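Each of two forms of one protein chain follows alone as structure tokens, named structure 1 and structure 2.
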Structure 1
Amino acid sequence: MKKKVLILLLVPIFVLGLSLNVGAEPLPEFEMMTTTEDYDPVRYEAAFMIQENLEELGIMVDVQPTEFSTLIETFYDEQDFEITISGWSGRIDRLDPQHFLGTLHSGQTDLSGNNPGGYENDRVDELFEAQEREFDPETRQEYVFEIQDIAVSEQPKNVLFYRDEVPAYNQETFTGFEPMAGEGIYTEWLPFDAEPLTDDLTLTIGTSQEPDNINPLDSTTVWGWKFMRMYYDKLVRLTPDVEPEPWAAESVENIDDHTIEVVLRDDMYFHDGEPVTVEDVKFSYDYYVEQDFAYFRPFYEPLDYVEIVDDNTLHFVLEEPVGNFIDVTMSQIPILPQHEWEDIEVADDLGPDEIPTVASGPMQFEEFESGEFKSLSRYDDHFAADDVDIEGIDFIIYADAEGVFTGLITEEVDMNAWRLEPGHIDLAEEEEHLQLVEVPDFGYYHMTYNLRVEPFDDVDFRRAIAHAVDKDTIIEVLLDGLGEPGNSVIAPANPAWHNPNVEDFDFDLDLAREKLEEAGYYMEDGRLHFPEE
């Protein structure tokens, strides 16, 4: 009898012991990828600031400074990450909200897609597809604002800050630059803007950033495209006022809700002397669809097919009416020479020496030595060559921002490709030969979580740790006030589409602890633990 009683007494204790241990393990240590200090000291320092605050909450983080191209490959192409601090640059085409909203669409979650964190929300998908089909600006704005409300509330990424662009140029060697928001002076129009003031007709640009590659079917960084857009032409270019200007196209016209008619210029040639034809244009769009280049998928996804009407005319037939196809897609898809690409079955498998560089733009490719040098020359047979006063553009690739700044001071370069670091700005203002330019950015820097990894799949956890990021200190200390705290993927510098009323997540570690406790997480031995089951 005593044995039976003993067993009965032990059973509840054993069951209680199980209940205490189920789901009660501590959160593992997470890796946070960021750039190296040389590449971007602001992102580097911000990572350690965030690490310190997360560890106050019992969340252990190992900051991993990573060479930029490796970071991009790991983040986008492999999606092998837990937390990544990265950024989206503001290019003129991105003033339309399509691109940045696409980083929240479930159709971009596959490898190399623009939504590497794996965020999926049916309502966001529905609104995204509705806004791209909407022609009425006010109705489209309602959709765009609602997407921002949902995304900020669910925090699949924490938008950290928007950073002002402050480039400089040597005003004794060149003039004529027209700054653009989000781009500074290194814009698509640079070959047409730059006016030499001396007999040296080659513009030299200093940069610590270089292309991930120069394959138009594989490059996923702004630095790849900022270089390639100098020598590739598109059907349309966007003016500094964000108006679509027919470029390779003589005219572009909506002939009904589903059909856009393009008349191609008849005075265009590739850099090898071959004429640019409607067959090349059709091939280019078909090839992007066939290769399924995820980075450009939001651009070509609305397209049903391209039809050649005659020797100079094509019809772009859309599956659904899309209000921004001309502005966004036709200003981004480069025209490829069919005779160079048609026998390449898998474009993203090309090695560096196998990538065709023949294009039809106002500049032509000369050289790219990774880590050292890039070079372009004027293409004299381009239809707009008479408007280009420079003979070439040389890029010197430095190891870090300090090297670029030294190049500006010593007049080794005429301008920098990106912004000056905050510590360099006051020094540059003391140099008589340098002219500084300041423009707001509509790109953004973000901390993105891999939502396939626990507990980042928990929206309550993400909302709680949003209070652990001290954005004001990042702006005031790391950026010297040259920026704004972030919230939405659409920046305040884009007022037509930025939702000013999204939810705020003020820096408050006590509130973060409270929210974590409400979600079932608890602290033990200095480590945050998963909720008990």
Structure 2
Amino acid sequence: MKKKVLILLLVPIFVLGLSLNVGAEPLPEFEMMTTTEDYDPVRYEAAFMIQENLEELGIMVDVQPTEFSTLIETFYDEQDFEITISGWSGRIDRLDPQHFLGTLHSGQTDLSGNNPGGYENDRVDELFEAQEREFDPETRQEYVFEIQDIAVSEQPKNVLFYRDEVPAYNQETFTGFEPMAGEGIYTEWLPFDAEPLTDDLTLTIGTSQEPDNINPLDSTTVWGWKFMRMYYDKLVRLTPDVEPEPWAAESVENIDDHTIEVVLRDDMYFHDGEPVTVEDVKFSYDYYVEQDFAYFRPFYEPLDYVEIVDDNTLHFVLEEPVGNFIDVTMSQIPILPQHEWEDIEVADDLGPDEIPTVASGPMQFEEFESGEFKSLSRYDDHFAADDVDIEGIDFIIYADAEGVFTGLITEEVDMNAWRLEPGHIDLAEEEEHLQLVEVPDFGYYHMTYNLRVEPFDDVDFRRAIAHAVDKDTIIEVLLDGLGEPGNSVIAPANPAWHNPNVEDFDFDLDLAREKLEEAGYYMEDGRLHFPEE
């Protein structure tokens, strides 16, 4: 009998004890996905540095170096992650804030969308849609700045750093290179920049990246387009200060918020001697729409139709008012010769030898031997040919960065197309003939949290751990000082849209602890625990 009473007494004590214990749960160990050391030693090492600091706060992290494509698939397609360290490259058309701000939009949170962390904020959505429609640059800038303010202070992802590109060139053979943010010295303006110092008028570039193909309706890599833009003309070109400048167009003008009037130059010829006409321009845009080239869809999507007004005037009529059609679309869609393309029904079915390479740019296509070589020569009948001092550009394709570097040392090449690896920079500085150029990038590297997982859904938690990332050390140690600490998704290298006044989160573990405590988290046995309910 006594026993029964005891048991009856014990039951409520147990229940009470259990319920008291509910809140006292430690944070589980989180998986942090990052690249393999082989793919990018910087992101790999950075993950371990962050892991160490988070452990100081009692947050256990398991770093998972993952092969790049698998990482991308797990991160974007499956959203099967807790923390991921990844990056966005700075492509020239991403200087317009649309793309990077889109990574914060709630419309992109579905599987495979660009906002895999699942960040949603009504005000951000509202501003995002408003800036898209805004024609006035100043008002648009206000919207863009406010989005950055909100996103930085809510920390759905921690922008870690912007990495400088460090290309090099042989200063004894060529000079005059003008670096562009995010592009290095292999820019669209390269043929106009390079000035030969010797009798060798052919600029030789070493590269380890090669085009996937040279079909303007099929290439989906930066390296395909960086090459093709040398020999295709576009209506508009972006200057080194990223201002749109009429190029194949004599003038470009918004005549109302749905219509852009383009007057075409009348002194343009394709490389086969045929004149470039308004029909070719209209054909090019129509052809992109008709062939539905997915990679370019964001560019032509706002377009309703193109109308030929007279022999050298066209009207581009948009479905909705779009603020960046001139900067982005007109500077990216190449002018194709109608007589070469009109009979091709399915452009992406073309085999490597069937792709037309006739264009109208200042350089003309000569040769592309995959894995070995590609080359361009100056097109003397181009309207800007007088400003080009070089006779041609040869590209030697190496197997890896090591090969490119050897090419620079042995003077086989005059410059490299991409950045030097951190390990090569010191060695290159010792070479008298090499000149290094430091160029800021507007792409960014980030640590993104899955906001569907506790406690990453808690703004206070995310803000607190932002203080646990030592960005300065990452840059000093891993990038040899060649980079800038990150904050916003729009980098300082993009001054027109970067908000310089976003909140700063200094590296300060004590402050991080304090903030975690304020939010109700507490330490026990060396582990951080969820707030008690």
Partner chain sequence: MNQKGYLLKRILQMIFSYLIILTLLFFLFRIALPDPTAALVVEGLSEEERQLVQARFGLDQPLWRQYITYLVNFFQGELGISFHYRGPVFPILVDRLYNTLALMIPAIIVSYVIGPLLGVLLSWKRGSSTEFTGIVSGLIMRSAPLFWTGMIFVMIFGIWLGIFPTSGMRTMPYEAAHFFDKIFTLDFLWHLILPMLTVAIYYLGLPMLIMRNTMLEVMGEDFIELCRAKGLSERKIMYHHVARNALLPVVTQAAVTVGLAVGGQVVVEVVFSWPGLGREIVQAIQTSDFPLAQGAFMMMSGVVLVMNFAADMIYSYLDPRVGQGGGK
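So that the term is clear: the rigid core is the largest set of C-alpha atoms that superpose within 1.5 Å between two forms. Since we're looking at a predicted model, the values are computed, not measured. Sequence positions of structure 1, starting at 1, serve as the residue numbers.
Student: Structure 1 or 2, which would you say is the form predicted in complex with its partner chain?
Tutor: The form predicted in complex with its partner chain is shown as structure 2.
Student: Assign each C-alpha to whichever of the two rigid parts fits it better between structure 1 and structure 2, then report whether residue 353 and residue 458 share a part.
Tutor: Segmentation between structure 1 and structure 2 puts residue 458 in the other part from residue 353.
Student: What is the turn angle of the smaller rigid part between structure 1 and structure 2, given in degrees?
Tutor: Treating the chain as two rigid parts, the smaller one turns 32 degrees between structure 1 and structure 2.
Student: What is the Cα shift of residue 69 between structure 1 and structure 2 once the core is superposed, in angstrom?
Tutor: Value for residue 69 between structure 1 and structure 2: 11.6 Å of C-alpha shift.
Student: Core overlaid, residue 92 C-alpha shift between structure 1 and structure 2, how many Å?
Tutor: Value for residue 92 between structure 1 and structure 2: 2.9 Å of C-alpha shift.
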